[in-house]
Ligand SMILES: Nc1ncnc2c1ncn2[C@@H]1O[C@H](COP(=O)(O)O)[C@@H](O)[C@H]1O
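For reference, the chain that follows is the form predicted on its own, supplied as structure tokens.
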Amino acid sequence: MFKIIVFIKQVPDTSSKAGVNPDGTIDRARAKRMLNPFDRYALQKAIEIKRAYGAEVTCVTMGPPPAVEVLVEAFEHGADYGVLLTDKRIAASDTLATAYALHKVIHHLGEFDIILTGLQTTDGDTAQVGPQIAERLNIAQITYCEALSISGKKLSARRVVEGGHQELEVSMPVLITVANSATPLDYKRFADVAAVKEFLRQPQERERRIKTVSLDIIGADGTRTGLVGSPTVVGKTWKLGEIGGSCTLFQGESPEREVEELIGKLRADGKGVEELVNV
């Protein structure tokens, strides 16, 4: 049975109106929370491997105590175990500090065959943490992977490259960042909410399947995490505007007819064709 580790993250809901703290970090306390959309592809790929080849899936997340919510969501789709790294000293970690802390979690967990991550996160958009973890672990990595197969300890993968794709074969262990062209997480097919609610009612079962660890437990140096361990300096952060607005969709007719309708709508709203051209 393969051992798979999936890194997932709780991020501010993209529909919420999260603010910015004075130090340039996101005010996460005010924002609604959700599972990072990119990580859904990694979780789906882990569940597919589990069903096709047999695997034990452990999801790892880093954040404040409420981040355990994404582990529960992962259980609903078939994950077996969850690990929450929570420690005040990891707050505001950049990609270097985050990769350091997460690779220490891997060492704490022990042996593994495959690590899966999403391409990036919606709150950072750097796409750096996965490759940095692979470098720290000194293992093979495949980025932008959209399909894979396993034969023994060999893993064959198709990764997206500019203008096409690339076929690769590597020996495990390996870290893979899963492309958005892979199969998205199927909420209807794999959700098992009833079973998860049942084990959450049993304290011993919850403790067995969800581990909470700190920097001290995983043997990490607190001076290499958080703001103090992050060389990245945020010069300035600001909001570009409020979420909202509306649009009108013109379809079902010829392009000429759609343009006529658009011009008519603009004129009805008090705007002329000249304004449209200038915009």
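The first residue of the shown sequence is 1; numbering continues from there. Owing to the predicted nature of the structure, the values given are computational and were not obtained by experimental measurement.
The following text describes the form predicted in complex with the ligand, which does not appear among the structures shown.
Within 4.5 Å of the ligand in the predicted complex, a heavy atom is found for not a single one of I5, Q44 and D113. For the options S181, Q202, T126, S156, the residue carrying a heavy atom within 4.5 angstroms of the ligand in the predicted complex is T126. Of the candidates A134, L102, A74, C145, L102 is the one whose heavy atoms come within 4.5 Å of the ligand in the predicted complex; the others do not. Partner proximity in the predicted complex, defined as non-hydrogen atoms within 4.5 angstroms of the ligand, places exactly one of 50 to 58, 32 to 40, 227 to 235, 206 to 214 at the interface: 32 to 40. Using a 4.5 Å cutoff between non-hydrogen atoms, G130 counts as a contact of the ligand in the predicted complex. Contact annotation for A92: none of its heavy atoms lies within 4.5 Å of the ligand in the predicted complex. Within this chain, I139 is remote from the site of the ligand in the predicted complex, having no heavy atom within 4.5 Å.
When the ligand is considered in the predicted complex, G118 lines it closely, a heavy atom lying within 4.5 Å.
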